[in-house]
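First, one chain by itself: the form predicted alone, in structure tokens.
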Amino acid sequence: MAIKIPTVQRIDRCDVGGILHAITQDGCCIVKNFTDAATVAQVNAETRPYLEADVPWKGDLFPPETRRCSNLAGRSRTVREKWLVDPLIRACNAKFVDKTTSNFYGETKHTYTSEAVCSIAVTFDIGPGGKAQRLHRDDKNYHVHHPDQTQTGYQIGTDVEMAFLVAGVKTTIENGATLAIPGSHLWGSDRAPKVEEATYAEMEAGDCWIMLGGLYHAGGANITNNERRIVHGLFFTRGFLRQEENIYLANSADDVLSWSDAAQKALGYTLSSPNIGFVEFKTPLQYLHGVPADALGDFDPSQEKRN
């Protein structure tokens, strides 16, 4: 029996209700006209020096043809002051990621809302020859267990993360457009994704790909000879998925490096498997020790190697 490939809904940014409905239904959508050409050009210019200075990754996490600009919100004023705080992004996070609960202090009921925070902001620039990623869920980092919702329909609150990827250039099947399976946010954790179930999220520069953390997707292969696929990504998660005390600002690098290995680990200066807690794609201790970028590799020793 032939597999029916779902399509990606494309909705103008002015239709906020339609965007929220599409994400509920499919786990993703493409927002048309998310931003204008001048803003895209400005962000491309602000990130270019960092992309050009990046070195090939030694490992399976990224193809060696990929260049990255980490700390995107810190390095690009335009991203930080326009996209990071965009009301459409806030509306999506409020719907799918924010968490509201009520508790009692004595006999008085208090209600709290933990708003989403940006977990990582990064630009990806995939050059010619870059291989496709394997289909995956981004929320693997948060160890989310997904119930099967294919019969019940999507339950708001199931996801703890969502992503917004703004196209810096026209993205096509040939230059590495995102491969995704609309509707896979409904799948239980035991169902494996298949490439033949996926479709491509081709975009014009300035469009924005939005997806929930539970959606199966992958960066596509760049099979062109001279095109680079540039996307600027903002990834948000629940605000309470971090340490209560910000220990990182309270101690100097010299202090931290004087601590025992066990103390460093207990206080969060190592990574949570597989990829949570890095700094410019280095572990915190690599960063504090000044390990050069060309010495880096995959974070998790259990990372499955590509054949």
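One-based numbering along the sequence shown. What you are looking at is a predicted structure, and each value in this text was computed from that prediction instead of being measured.
What comes next is about the form predicted in complex with a small molecule, which does not appear here.
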Inset, instruction - Select from the listed residues W187, F96, F236, F124 the one whose heavy atoms reach within 4.5 Å of the small molecule in the predicted complex. - result: F124
Legend entry - Candidate from G130, G219, G213, G206 lying within 4.5 Å of the small molecule in the predicted complex - any heavy atom: G219
Inset, instruction - Answer yes if any heavy atom of F62 is within 4.5 Å of a heavy atom of the small molecule in the predicted complex; otherwise answer no. - result: yes
Inset, instruction - Tell me, yes or no, whether D138 is in contact with the small molecule in the predicted complex, where a contact means a heavy atom of each within 4.5 Å. - result: yes
Inset, instruction - Would you point out which of 84-92, 190-198, 130-138, 71-79 contains residues with a non-hydrogen atom within 4.5 Å of the small molecule in the predicted complex? - result: 130-138
